[in-house]
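Next up is one chain by itself, shown in structure tokens, the form predicted on its own.
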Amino acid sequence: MSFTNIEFLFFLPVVFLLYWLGPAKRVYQNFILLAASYLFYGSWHWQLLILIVAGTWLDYYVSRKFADESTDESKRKRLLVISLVFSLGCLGFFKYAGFFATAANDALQSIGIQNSLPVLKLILPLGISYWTLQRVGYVLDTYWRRIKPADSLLDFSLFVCFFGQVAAGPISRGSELLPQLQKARTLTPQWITAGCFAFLLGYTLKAFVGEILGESIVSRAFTSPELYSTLYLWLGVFAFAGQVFADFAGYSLMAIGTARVFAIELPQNFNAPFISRSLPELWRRWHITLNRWLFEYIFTPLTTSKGWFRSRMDLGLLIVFATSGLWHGAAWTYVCWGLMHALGMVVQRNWDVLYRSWCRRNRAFVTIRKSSVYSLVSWLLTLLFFVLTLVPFRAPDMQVAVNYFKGLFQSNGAEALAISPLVVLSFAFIVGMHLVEINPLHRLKDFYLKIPPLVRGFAYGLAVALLILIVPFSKGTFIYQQF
């Protein structure tokens, strides 16, 4: 089951009615949501449900022992290791066993050894990359005593497996989500209107913008890039930037909207990333919860430790983005994408250090940096770098990625460039979303939210009718669910 499956149209209203028509008690509400979450998760592959249940029970026990005054520091460390080995071991086994076995076989064959390691073909558990990081973050927070462990196994189980976010995030922290689950929720019109707005906007991004860009341009361009002209390949990579944004930002908004109708607020995952004027700003706006996790639980502990890694910022960035690349998938194309961004972040950091030194010596450089020209150039360079790094991210293998890069600058393809009105409308929708975040246009969003609910309800209904006419409800799957 997915947000875009027809089954979800029946699943969500039933859960909604059971949730709100019952007693307004925390235990009842959490029980309904947990039962629905296990049903949602089990509809993908019910045998793998035991994996998330076992991990939940283990981390609940471990976190409780962390808070037990009778648990000495050595035992706390052993328990932490057990939890991390189980969580990261399961993630590594299911997601990367085949990748590393294949890489080892290739290395052995390159030196003349023909005996090959077995390559396992495993079913990837739904959302394992997301709920593993969410659990690991919670365990580390309780180990470092940043938060108190959950008192209720029911609350913690729902924190791990809430169906609104279990498939592809957003990745919540314990301090954000658990306090909401530890008390009864009350239904208000504000929750419903905010939830419906977020869900509809997300569905529009996914079902209309993402699908149109993907089917009209991206799939053809990345399947056989040698057949297309340079202009078409540039359009293809910009279209993929729009597609992956629409797909994942759309999913995140649908997840946030789903949670809101149950009076639960999930963290924001995207914030107009295409207006970024630097790579650090981009990663504060794109897949916010993943990058926050990587910097809080990998980069900061490394670079602020008392060991060899202390203050080695460039190396920390390399590790973080290499990890991000592998997190996205067990393929060399994702590793390449991560290393490209690591290099970009290192260059950006050192440029900032150098430019600040110039500013200290000559205040004219401060004026230059505040100018519109500097901002425009920074934005163009950031956008261009981000778009170009998407070539290996989307390419099925490194050879296709190399062919695509070649075609961007010198192509023998003769396929004509054709852009349909729906493609233009899709790009315009993404541009419009970003424009409303720029002063003073951001006030348009506040103005819209002040329109009477009846008028907005009519607008929602009209939008749904138009979308169903253009794209069937069950069309397509989410790109980021494969990660």
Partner chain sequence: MTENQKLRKVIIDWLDDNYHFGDAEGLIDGDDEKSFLQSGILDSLGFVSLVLFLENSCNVTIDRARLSPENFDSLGKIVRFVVPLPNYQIDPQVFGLVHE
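Quick caveat, the model's predicted, so the values are computed rather than measured. Residue numbers count along the first chain shown, from 1.
Below, we turn to the form predicted together with the partner chain, even though it does not appear here.
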item: Residues 375, 422 and 434 all lining the partner chain in the model of the complex, heavy atom within 4.5 Å; value: no
item: Distance check, residue 400 to the partner chain in the model of the complex, heavy atom within 4.5 Å; value: no
item: In the model of the complex, residue 300 touching the partner chain (heavy atom, 4.5 Å); value: yes
item: Contact test in the model of the complex: residue 224 vs the partner chain, heavy atoms, 4.5 Å; value: no
item: Contact flag, residue 305 vs the partner chain in the model of the complex, heavy atom cut 4.5 Å; value: yes
item: Contact residue in the model of the complex, chosen from 295, 332, 238, 96 - any heavy atom within 4.5 Å of the partner chain; value: 295
item: Candidate from 85, 384, 364, 353 lying within 4.5 Å of the partner chain in the model of the complex - any heavy atom; value: 353
item: Interface segment, criterion being heavy atoms within 4.5 Å of the partner chain in the model of the complex, picked from 201-209, 186-194, 313-321, 335-343; value: 313-321
item: Heavy atom within 4.5 Å of the partner chain in the model of the complex - qualifying residues of 134-168; value: 144, 146
